[in-house]
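Below you will find one chain, with nothing else, as structure tokens; this is the form predicted alone, and questions on how it binds or moves follow later.
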């Protein structure tokens, strides 16, 4: 399927501006404790944080575009408390130019609608040509921030992008996106636009020493979240609990042939496959 998506008109100039969204997430392999009273995770000195791996592909794609088009600049934006600046510094080590930190005062749940609203309010004033996000975050896995930013701005959006190519005149982007059943969409969208980048589209590079040293010297732009327009919340945190064990596993006994026969019988009974 090939679709042409019309976006808003864009200004005429040779330079390109890309905004890439990144997030710092809790290390899910660590010891996670819940705080039922405050409806969030216990954050202390022992809590380990990582850079959201899905965002690495978005940053790498931005850097690849910068390498292919002269006069391209990459801004990185992240929402969170002071510790979130570490994620921005890492992306500068990969080749991003400028960091923007929307600073929140406390730990806790922030809805994707509110995060997208804050980012959109910044983007609206700075006239970006392209906004990239990871396909989702490792912790909440909602995948809502990118599309919601596009909705706030009135821009076209493509999710789960597995290939993209900016046109030579920098007025449109060709996109391939992953959809259900092993199929894919092909789209051509007018810029400015929002893309959420799927894993596997590229191979994220390691931060280089040269870029890390430059990032150390660069000041991150701090914007107080409380000073931004506060979108009316569309989600509230009702409860946070550990995953519930819904069903137990089934262990097959016997040799390989016996196990194979048992497995085929189970799959047939559950209508997953049909035996002759």
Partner chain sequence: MGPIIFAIAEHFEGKIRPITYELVACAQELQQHHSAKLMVIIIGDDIETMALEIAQTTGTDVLALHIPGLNSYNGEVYSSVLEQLIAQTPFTYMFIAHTTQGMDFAPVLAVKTDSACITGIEGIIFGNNRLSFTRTVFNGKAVAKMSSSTDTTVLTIQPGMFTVQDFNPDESGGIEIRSLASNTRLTHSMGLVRSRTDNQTITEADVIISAGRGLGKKENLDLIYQLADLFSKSAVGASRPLCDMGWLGYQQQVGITGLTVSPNLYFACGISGAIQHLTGIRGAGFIVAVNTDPNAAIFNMSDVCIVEDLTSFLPVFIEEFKNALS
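Residue numbers count along the first chain shown, from 1. We call the rigid core whatever largest set of C-alpha positions still superposes within 1.5 Å between the two forms. This is a predicted model, so every value here is computed, not measured.
What comes next is about the form predicted together with the partner chain, which does not appear here.
With the partner chain omitted here, the record of contacts in the predicted complex names 244-252 of 244-252, 222-230, 44-52, 63-71, defined by a heavy atom within 4.5 Å.
The putative spot formed by 80, 97 and 129 is not touched by the partner chain in the predicted complex; no residue has a non-hydrogen atom within 4.5 angstroms of it. In the predicted complex, the partner chain stays beyond 4.5 Å of every heavy atom belonging to residue 118. Interface membership of residue 184, defined by any non-hydrogen atom within 4.5 Å of the partner chain in the predicted complex, is confirmed.
The partner chain in the predicted complex is not approached by residue 166, whose heavy atoms all lie more than 4.5 angstroms from it.
Within 4.5 Å of some heavy atom of the partner chain in the predicted complex lies at least one heavy atom of residue 157. Contacts to the partner chain in the predicted complex (heavy atom within 4.5 Å) from stretch 164-198: 174, 177, 178, 179, 180, 181, 182, 183, 184, 185, 186, 187, 188, 189, 190, 198.
Once the rigid core is overlaid between this form and the one not shown, residue 217 does not reach a Cα shift of 2 Å, moving by less than that.
Put the two forms on the same core and the Cα of residue 248 is off by 2 Å or more between this form and the one not shown. Shown here is a form in which the CA atoms of residue 178 and residue 271 lie at least 3 Å closer together than they do in the predicted complex.
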